[in-house]
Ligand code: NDP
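Heads up, the chain below is alone and in the form predicted alone; it's given as structure tokens.
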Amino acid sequence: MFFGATGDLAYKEVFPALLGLVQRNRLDVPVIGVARSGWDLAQLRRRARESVEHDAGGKGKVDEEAFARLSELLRYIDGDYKEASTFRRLRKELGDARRPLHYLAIPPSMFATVTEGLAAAGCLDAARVIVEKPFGRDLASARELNQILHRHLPEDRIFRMDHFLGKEPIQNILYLRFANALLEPIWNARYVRQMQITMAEDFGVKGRGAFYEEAGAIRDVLQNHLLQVLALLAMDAPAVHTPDATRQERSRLIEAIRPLDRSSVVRGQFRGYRDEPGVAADSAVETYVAARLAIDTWRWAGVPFYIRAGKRLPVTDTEVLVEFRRPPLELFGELIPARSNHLRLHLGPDVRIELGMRVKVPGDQLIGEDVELEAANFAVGGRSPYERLLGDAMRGDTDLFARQDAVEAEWRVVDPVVGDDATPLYEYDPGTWGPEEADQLIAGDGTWSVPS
């Protein structure tokens, strides 16, 4: 079953993912939608139809046979999450289900209420639970929520969803690093000068101002998405290829990240954000964040990691830049840019892998120029992140879900800088790369890489 069946997330992601699972013959059990919207089953089915049509780009492109099967699987229960009667009806609808999967596609503030309701009605026996990010609002609330979940569920039946981990380009980071022997010898502080991660969006909050007022860029993407990307870039190789071995290495890396402070963070807000519906006229919520992080391990001691994310930037692109150090001696007497040697990973909307090198210009003199060698360039395809992750949760595969220790470690990193009064807030114009203070943050190590 999934809670929040009439919500925005269900419309944009869940129904198309469920249809994909049906198409691949990986879903043949009832799907119980739960919400408090005053709907009935016919309305839910219409909503599902609208969702998959929108995802397919319009009418006439939906797999009719698969949608008919999905429609037959749908059930609906309308009720208040705070009322015991709602969960008693859920228990009855579950019937003799032996291992139900409960997906909480609802605001984090309702996680505890729904979990306790499920437990009281006997709906958590042998069950698995998926919770959406953000998992808590800070370290204290994340710990409290973990305690509530663990009163009723062991860790291996809790699936903390971060759809970024289900994206094909993010999966490619892990594969690229550990399927190629040429990278590992230079993937350390001796050869890497710095790393940058940029998550740029050219759009605003798309009418979700009320939600964004509760989140902001730090809670929405830095604490979860981008720290998980950083973990994949910087973690050690797992000893064996098992789900928990990979999660263990991600967790160990995040635990080694030094907590942020005021001097290592710049928050920004684009001009016009306060005019968005649902946004306070005096809002101090950030739509942009830039941060300088340090990882206290032998492999990465002294290497700065720069992360920035923002809305209403010039492009929509997610990029990783790994800048390598220059040779210890420049033999040819040139003034060479520090970024001549680098690895650039475009993680969306397209996938590209580019290696920056310096090559000689034809002629009598030993003069060079910077070039980028394109190792890969392809459109993102395959299953959607939600289809992949929902399918994994149904099988009990925890590999692409966050562990309790990793989530709490992420909050320890950002906890000192969450809150409207933790750090200054700077305005920036839409269509620019954020406040100029972010350029000052990185100035000691060069400039931000501009996604192309």
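The structure displayed is predicted, hence computed values, not measured ones. Residues carry their position along the shown sequence, with the first being 1.
This protein has a second form, the form predicted in complex with the named molecule, left out of what is shown; the following refers to that one.
Review point. Each of T6, F111 and Y386 near the named molecule in the predicted bound form, meaning some heavy atom within 4.5 Å?
Key: Yes, the whole trio is in contact, each within 4.5 Å by some heavy atom.
Check your understanding: So in the predicted bound form, does any heavy atom of R36 sit within 4.5 Å of the named molecule?
Key -> Taking the distances in the predicted bound form, the answer for R36 is yes, it comes within 4.5 Å of the named molecule.
Review point. Does L253 make contact with the named molecule in the predicted bound form, using a 4.5 Å heavy atom cut-off?
Key: It does not: once the named molecule is placed as it appears in the predicted bound form, L253 has no heavy atom within 4.5 Å of it.
Check your understanding: Taking 4.5 angstroms as the cut-off for heavy atoms, does R247 touch the named molecule in the predicted bound form?
Key -> Outside the cut-off, so no.
**Study point:** Heavy atom of F270 within 4.5 Å of the named molecule in the predicted bound form
**Key:** No, F270 sits far enough from the named molecule in the predicted bound form that none of its heavy atoms falls within 4.5 Å.
Point to revise | Interface residue in the predicted bound form among D350, E334, D80, E369, criterion: non-hydrogen atom within 4.5 angstroms of the named molecule | key: Answer to the contact question: D80.
Review point. Considering E354, D317, E132, E276, which brings a non-hydrogen atom within 4.5 Å of the named molecule in the predicted bound form?
Key: Exactly one residue meets the criterion: E132.
**Study point:** Which of 232-240, 72-80, 293-301, 341-349 sits within 4.5 Å of the named molecule in the predicted bound form, heavy atom basis
**Key:** That would be 72-80.
Point to revise | Residues of 90-109 having any heavy atom within 4.5 Å of the named molecule in the predicted bound form, listed in sequence order | key: Heavy-atom contacts to the named molecule in the predicted bound form: A105, I106, P107, P108.
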